[in-house]
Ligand code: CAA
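Given as structure tokens, the chain that follows is alone and in the form predicted on its own.
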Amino acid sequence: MLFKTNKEHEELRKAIREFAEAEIKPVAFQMDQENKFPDEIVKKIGENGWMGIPYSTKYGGAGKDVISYAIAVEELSRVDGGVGVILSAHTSLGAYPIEAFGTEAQKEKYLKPLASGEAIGAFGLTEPDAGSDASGTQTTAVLEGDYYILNGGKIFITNAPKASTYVVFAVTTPGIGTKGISALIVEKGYEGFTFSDPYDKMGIRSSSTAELTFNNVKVPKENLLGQEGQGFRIAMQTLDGGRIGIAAQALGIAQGAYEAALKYAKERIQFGKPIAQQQVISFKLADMATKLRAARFLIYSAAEMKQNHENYGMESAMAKQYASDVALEIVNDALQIHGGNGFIKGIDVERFYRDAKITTIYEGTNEIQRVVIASHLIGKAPKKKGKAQAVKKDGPITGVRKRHMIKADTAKDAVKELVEHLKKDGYDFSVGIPIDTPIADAERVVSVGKGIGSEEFMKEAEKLAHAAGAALGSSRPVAENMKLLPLERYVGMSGQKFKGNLYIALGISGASQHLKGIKDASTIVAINRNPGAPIFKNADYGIVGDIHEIMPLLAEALGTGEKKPAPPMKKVRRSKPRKLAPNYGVYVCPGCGYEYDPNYGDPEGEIDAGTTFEKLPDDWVCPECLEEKQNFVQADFPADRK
């Protein structure tokens, strides 16, 4: 079969390539260096009619086919992968679910501005515990009257916070797994819907990626996409098409790298002739061109199958997996051909090298693509009937915490109660450490977030750090964007890890990146104006209030005088919340201390969740040490056990 694009496809390619060369290429290096979203460029892409290429003209789209859309992403990515994924995420993820599952009213209200380029769309599926396994979704939406009340958060969301329309997935019926997930259209600007600062990424830096936080967000019930319980199916079907876009992005990045390498190889003279004529280089170029052609055929074939409404899930997974895998190989060879020059910032292949990696990760990692492909080939493993177990969800990112919210009539009373709790926990505020102590070595840290507002309030934060006998730290945005502290003082997964005793978070909302940096703290105190901030679910003590009012009160309560040098740090045992007696008998293994919990059963022993100890088979044994059931003893369960 001779597969060839038609004249219309190639005219579109020519138009977008000319646009990319003229508008994007001159500023690509600057956008990469500054982590800058190309607002004006995206606006022009919309004005050219390319933001809704595969959608009907009835809804403001261009009315073209899916191959045309793949070509558009490919050609933008050939110059800058970040711009390519802006279009891909907008078209495949932000607009497609509305086009495929939306009501006529939803299409009129949301699809039209998306397809016409007046608005940008995004897709909110990924969570800290729901990545490759989307069934782990913990964001909830509870129907109350005419609104769903949305609570939770999403991470790694492309086009956030620039997008105005988000398709968000949340649990509407808990306890029934993926069948309880629904999709909602959420508008930027809804009260309680907030964003983190965009991530500082390795590649595709011209695109914006951020976290979404939902704090009692009221979403009109008419914004339900499809029906309740259809969310997981909507997400999976959307991702099938989204993989075509990411495959096209990978192809474009690889094409740009190949062309740069070919040009360089023809110009670079070594041993008296262009290196392109050295066999070792010419063979690299031949392999690169072959991989590009194979990837392009896979992508266009999957796009054609989607256009013709055929089952294309396996083919789109193949296209995404292969195109992104070979993109890494191609950009690596392209940089190698450039030699040392390719390792310098400002050279296109250096940027292509960094941009390519993400294509093997998002829209389903390539490991997941192979799972998808294999499941189409050999079928899914049959499910065991009657053996469904409850899945034990992970707790807060920082582990089990007291989550004691202090409620008092005044800020002064709240501060007084907090200090009493801390002193009862064993903290001595007559001793202290220098505020510039390295975070990793500090016993205590007072850390400021964006809630600090501006530099004028940093003096109060320093006074509080001294009063608490603590070092001064911050969230990443305070150090990186606001530049109120040096970079080595920000705390988080990508920054400094705090493993000391007391961590006081001032105006820090609690992005997952930050929380992972403080999960080993013995005690976490959160002070924030927003009662729905994630930090409170990850803290031992919390006060809802204005940090500018609370900082001086807390400093005064802790003591602003001179501090004695603190003794060498001794790790304080984390205080766990008080447990209440369960409503079932507690049976303990005498051999290893294992407690049988009927809420989770024994999945390895094929014991369903909900099975009480008394109903366990007589031949059941301890899953930890194989002690027989008959030897288990019923234990007392004092209510104050810790």
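Keep in mind the model is a prediction, meaning the values are calculated, not measured. Sequential numbering from 1, following the sequence displayed.
There is another form of the same protein, the form predicted in complex with the named molecule; it is not shown, and what comes next is about it.
Novice: According to a 4.5 angstroms non-hydrogen atom cut-off, is Ser135 in contact with the named molecule in the predicted bound form?
Specialist: Judged by the heavy-atom cut-off of 4.5 Å, Ser135 is in contact with the named molecule in the predicted bound form.
Novice: So in the predicted bound form, does any heavy atom of Arg243 sit within 4.5 Å of the named molecule?
Specialist: Arg243: yes, in contact with the named molecule in the predicted bound form.
Novice: Taking heavy atoms and a 4.5 Å cut-off, does Thr158 contact the named molecule in the predicted bound form?
Specialist: Heavy-atom contact with the named molecule at 4.5 Å: present for Thr158.
Novice: Just to confirm, Phe123 within 4.5 Å of the named molecule in the predicted bound form by heavy atoms?
Specialist: Although the named molecule is absent here, Phe123 would touch it in the predicted bound form, with heavy atoms inside 4.5 Å.
Novice: Of the residues Gly364, Pro128, Gly449, Gly500, which one places a heavy atom within 4.5 Å of the named molecule in the predicted bound form?
Specialist: Only one option qualifies, and that one is Gly364.
Novice: Which one of Ile347, Ile275, Ile368, Met305 is close to the named molecule in the predicted bound form, taking close to mean a heavy atom within 4.5 Å?
Specialist: After the contact test, the surviving option is Ile368.
Novice: If contact means any heavy atom within 4.5 Å, which of 176-184, 436-444, 295-303, 254-262 contacts the named molecule in the predicted bound form?
Specialist: Correct option: 176-184.
Novice: Even though the named molecule is not shown here, does it sit in the predicted bound form so that Arg233, Met236 and Leu239 each have a heavy atom within 4.5 Å?
Specialist: All of them do, each having a heavy atom within 4.5 Å of the partner.
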